[in-house]
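In structure tokens, one chain follows: the form predicted on its own.
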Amino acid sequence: MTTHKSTVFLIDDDVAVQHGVTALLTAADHSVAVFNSAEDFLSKLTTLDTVNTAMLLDVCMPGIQGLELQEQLYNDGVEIPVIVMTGHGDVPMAVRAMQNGAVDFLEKPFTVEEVVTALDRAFGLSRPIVKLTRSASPELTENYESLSPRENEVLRGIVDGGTSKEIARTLDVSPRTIEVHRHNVMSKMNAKSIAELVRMAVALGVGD
């Protein structure tokens, strides 16, 4: 657990998300600065203290999108660890964000434990953010190699953001068959959630 007071920049245009996530973060002893859009954040950036901060960034917003803001900050040398927030349909965007240096991604709705763990990872960074950083452990590589060819195809479909029905149409099998393969993929990869599975896929370079 993070024991020091830290500031989280929360960027999301959904008022309900702003209120709910702020409550979670406050309970976890983080201070929170809320911004309604990427433009709102950029307009105030020069007045912000970015030491000991992290960013929770929604990928889909009106105006400047989350990934555009992330890239702009990276190119400008603003090294704020970024955690992207996404709905299931935005998984490919979350993958791209992580390839571009995001620390983690959270699939809405997420739990207190998930957001605190992600922030602990973000605040624990001791090196500059690097695009497309992979860190596949031998165990992760071994788990990946245990997948059958069909399970590998299903994993790639999940990383592409496909639902079971969409993956089933692509592979010309039944949705029920995809559900079985999906369960096997999660089990073999020791993934407890789609977000965790996608983090593993990014570390392995799946879907590049």
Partner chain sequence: MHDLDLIDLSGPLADAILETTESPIVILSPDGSIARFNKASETLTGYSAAEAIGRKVWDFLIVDEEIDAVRGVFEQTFAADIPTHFTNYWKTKDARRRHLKWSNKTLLNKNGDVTNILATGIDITDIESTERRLSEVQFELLHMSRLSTLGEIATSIAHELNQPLTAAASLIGAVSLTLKKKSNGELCPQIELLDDAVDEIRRASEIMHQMRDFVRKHKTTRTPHDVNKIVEEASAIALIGADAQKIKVTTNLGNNIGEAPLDRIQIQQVVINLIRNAIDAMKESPERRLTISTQRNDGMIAIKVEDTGSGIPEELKTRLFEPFVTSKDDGLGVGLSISKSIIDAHQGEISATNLNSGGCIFTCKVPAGGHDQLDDNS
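Please read these numbers as outputs of a predicted model, since none were measured by experiment. In this text, the rigid core denotes the largest set of C-alpha atoms whose superposition between the two forms falls within 1.5 Å. Numbering follows the first chain given and starts at 1.
What comes next is about the form predicted in complex with the partner chain, which does not appear here.
K.L.:
Since the chain is shown here on its own, which stretch among 54-62, 35-43, 147-155, 179-187 would lie within 4.5 Å of the partner chain in the predicted bound form, judged by heavy atoms?
P.N.:
Among the candidates, contact is made by 54-62.
K.L.:
Is Asp49 close to the partner chain in the predicted bound form, meaning a heavy atom pair under 4.5 Å apart or at it?
P.N.:
Residue-level check for Asp49: no, no contact with the partner chain.
K.L.:
Taking heavy atoms and a 4.5 Å cut-off, does Tyr74 contact the partner chain in the predicted bound form?
P.N.:
Tyr74: no, not in contact with the partner chain in the predicted bound form.
K.L.:
Please tell me whether any heavy atom belonging to Ser137 falls inside 4.5 Å of a heavy atom of the partner chain, as the geometry stands in the predicted bound form.
P.N.:
Judged by the heavy-atom cut-off of 4.5 Å, Ser137 is well away from the partner chain in the predicted bound form.
K.L.:
Using a 4.5 angstroms cut-off on non-hydrogen atoms, would Pro81 count as touching the partner chain in the predicted bound form?
P.N.:
No, Pro81 stays farther than 4.5 Å from the partner chain in the predicted bound form.
K.L.:
Would you give me the residues of 15-38 that have any heavy atom within 4.5 Å of the partner chain in the predicted bound form, in order from first to last?
P.N.:
Contacts from 15-38: Ala16, Val17, His19, Gly20, Val21, Ala23, Leu24, Ala27, Ala28, Asp29.
K.L.:
Inspect the rigid-core superposition and answer whether the C-alpha of His19 shifts by 2 angstroms or more between this form and the one not shown.
P.N.:
Moves: no, less than 2 Å.
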